[in-house]
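Only one chain is included here, represented as structure tokens and corresponding to the form predicted on its own.
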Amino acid sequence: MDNIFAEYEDKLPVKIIEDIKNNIPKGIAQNKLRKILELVLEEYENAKVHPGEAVGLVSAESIGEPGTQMTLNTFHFAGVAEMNVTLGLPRIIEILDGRETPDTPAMEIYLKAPYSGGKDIREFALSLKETKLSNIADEFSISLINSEIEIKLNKEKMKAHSLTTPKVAAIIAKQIKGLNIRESEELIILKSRAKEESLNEIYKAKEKIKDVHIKGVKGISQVLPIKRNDEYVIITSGSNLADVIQLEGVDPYRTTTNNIIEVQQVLGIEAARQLIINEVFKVIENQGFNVDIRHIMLVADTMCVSGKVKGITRYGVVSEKASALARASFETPIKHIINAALIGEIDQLESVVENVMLNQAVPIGTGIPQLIANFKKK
């Protein structure tokens, strides 16, 4: 058997050979195995792209055509406030623009046992949710006589989050400096150490205090445990990959976010490239369209080739084109032409756009080989 596979090692990729090895029945006859390998080789050769094929153009058409038919929708999780996911065309635009933060950041948190089996899943999910001071307080008021900020805490909410008034006061003191803090049973009273402070400054301080982080993971505003196949997964509104994958009980190898820039910062450019492919493919599939994954891979490669995620915009991928004419053809042509003229830039006319502009044969298909002939006169 091994000698037959050895014959095809230089003809087929290692992955395909491994897949055949894993899927053929035990004790298969050698002539049948050879026939399978021949058919796979034929299929593989037919799937190859011919030199000079306009892959960029075909990819653009293949993604653009279903893109025009996509709906502009946002999916809401029933019964949970603030839980929605951008789908359809807005999500595709968001990914391909390489936006810093998506409109609806979300995570899928996979868990280790016993949480993955459902044990204490609700408590674990709630421990992830970010709790700010405004979530456990009933009222924030300003005492004009003493120039103090009074915070009235909600006993029930404090109990639900296993918090006490001294604990909350200690957290505020840690995060906001320059305040004297007093506490009574349900009140926390804050006063600035500065001798005189204007009402405007006290008001600003009051608004700032509302956002003090009390517990949970920063950035995660909602959590929803769901059962997927045989295990429980936590879906979140908001994202913080760096902190979540460090938590005990979280499976860091499968936990994902839809924030591409965040994945690039935490896991690197290869992971970001894979996320672009997964996210675009997921949107297209959800809409009921079928696009060959190789087209999406080409777009992802173009966005990630520089080592950082660059959007397909005038500031991203287009700004890095070697050809001055190609840059000018996208947007702001006068700026690009003047800048190229100032430094005496030479355009080698190696790509499609600039040759179309000059009415020359484009370097694709039959335009790739250049024929030089010396005809003898009769």
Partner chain sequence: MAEVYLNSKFVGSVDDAPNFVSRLREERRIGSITANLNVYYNEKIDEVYVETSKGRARRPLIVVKDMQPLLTEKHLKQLEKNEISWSDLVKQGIIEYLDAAEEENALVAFFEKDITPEHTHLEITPLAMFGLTSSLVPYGNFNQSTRVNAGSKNQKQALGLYSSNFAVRMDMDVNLLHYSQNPIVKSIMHDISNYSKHPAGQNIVVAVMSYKGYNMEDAVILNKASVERGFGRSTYFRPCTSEELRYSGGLIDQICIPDKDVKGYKSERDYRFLEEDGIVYPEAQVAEGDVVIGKTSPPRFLSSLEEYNLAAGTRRESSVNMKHGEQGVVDFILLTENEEGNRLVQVRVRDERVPEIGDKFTSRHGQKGVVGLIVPEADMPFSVSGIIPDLIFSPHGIPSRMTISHLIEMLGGKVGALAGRYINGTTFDAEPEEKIREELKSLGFRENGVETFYNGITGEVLEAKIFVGNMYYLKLKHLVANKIHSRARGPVQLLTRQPTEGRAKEGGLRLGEMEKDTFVAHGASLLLKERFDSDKTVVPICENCGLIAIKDEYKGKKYCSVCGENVEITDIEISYAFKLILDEFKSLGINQRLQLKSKY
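On a predicted model such as this, the values are computed, not experimentally measured, just so you know. Numbering follows the first chain given and starts at 1.
Only in words, not in the display: the form predicted in complex with the partner chain, which the text now covers.
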Query raised in the report: Is there any non-hydrogen atom of residue 362 lying within 4.5 Å of the partner chain in the predicted bound form?
Result: yes
Query raised in the report: Does residue 309 reach the partner chain in the predicted bound form, with heavy atoms at most 4.5 Å apart?
Result: no
Query raised in the report: Would residue 346 count as touching the partner chain in the predicted bound form under a 4.5 Å heavy atom rule?
Result: yes
Query raised in the report: Is the gap between residue 61 and the partner chain in the predicted bound form 4.5 Å or less for some heavy atom pair?
Result: yes
Query raised in the report: Can we say 173, 176 and 199 each have a non-hydrogen atom within 4.5 Å of the partner chain in the predicted bound form?
Result: no
Query raised in the report: Listed by sequence position, which residues of 307 to 343 have a non-hydrogen atom within 4.5 angstroms of the partner chain in the predicted bound form?
Result: 325, 337, 338, 341
